[in-house]
Ligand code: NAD
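In the block that follows, a single chain appears as structure tokens, in the form predicted on its own.
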């Protein structure tokens, strides 16, 4: 299909997402337990993803001209072929659009397996795509468990690549399953992301950002800043203000517009998150706020803050993936950097300081794929999105998405100056 035709269809998909945004947001809340105030924005972000990559479809095959003395060398890109896309249960609609839109813009066909815990909006999205005029067979939806449907997708020889968002352990399994067919993989995996607050920071803004980046979306997102590294000279005051704000966060029904934190997605995940309350006590940390389930029904958890923690504790090293923050103090910039990097993960980092030189020095040495200075996570679609170490392989966003979904091709045209060596003459 011509790129301009793909562009037209992708824009039509975005328009239909806008038309069904309220329905999508409600289904997302029912499926995941996320608060409506965040899911209503997630649907609109999904439309934005399609529009962005629709406009890039025309340039997807663009290459370079690389002149040499005897050859005119040109490069181009071609679609990789059928790709498997496996998406998680947290904000599933937005993350599905983030993966599928560039694949279609590149000219690939897609087999999408959404998480078994949150399949509803994937069905709506697929319906929208076909209503927008996407040809049959281009976008295929397969529901099932990761151990069965996901494994089959990862092993299938006709699938050229797997794009996956989820746990690091699962990413490792997918890589093993795809090894026999030499699958290309793109992984956005777990994180134990640090937010580093120095004593010269704007503490009011830093407080807002720290709270937003761990307690919004129920804490169930890979980019959440789940480790607070706070300079000891301001730690007591900052943590006291944190406790006051955390205790006022509204936990409740996800469809209540006032709700800020909804229920966790399932019993198994609820059990995992709440198990860390006892682990924290056993390891010697203090539960300064929360640390308990809320009510007798549903998977509600009070927003939690652990203090007096060290970076060796399980609450500082393992991805809890819930509304749980672990605070650790530091004295010097060097100690803060050591603490920030002392984890298997490297997805994001957040730094709060008014010293520009320090910010440049610190971010240059921070082991993370994405870093924000004096800001929360603000996604800019043309920029690369992804992590290092156990947090992922590859990058999404802008032209980086096409690097994954397309193959580079080189063609050399001989000029009159090119002399071919003669053998057997």
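Numbering follows the first chain given and starts at 1. Being a predicted model, the structure only gives us computed values, none of them experimental.
Beyond the structure shown, there is the form predicted together with this ligand, which is absent from this document and is the topic of what follows.
Of the candidates 195, 336, 86, 214, 86 is the one whose heavy atoms come within 4.5 Å of this ligand in the model of the complex; the others do not.
Contact annotation: of the candidates 346, 303, 150, 102, the single residue with a non-hydrogen atom within 4.5 angstroms of this ligand in the model of the complex is 150.
The three marked residues, 166, 222 and 319, each reach this ligand in the model of the complex, with a heavy atom inside 4.5 Å. Heavy atoms within 4.5 Å of this ligand in the model of the complex map, among the stretches 73 to 81, 131 to 139, 273 to 281, 167 to 175, onto 167 to 175 alone.
Contact annotation for residue 189: at least one heavy atom lies within 4.5 Å of this ligand in the model of the complex. Of the heavy atoms in residue 323, none are within 4.5 Å of this ligand in the model of the complex. In the model of the complex, residue 114 approaches this ligand with a heavy atom inside 4.5 Å. Remark: residue 385 counts among the residues lining this ligand in the model of the complex, judged by a heavy atom distance of 4.5 Å or less.
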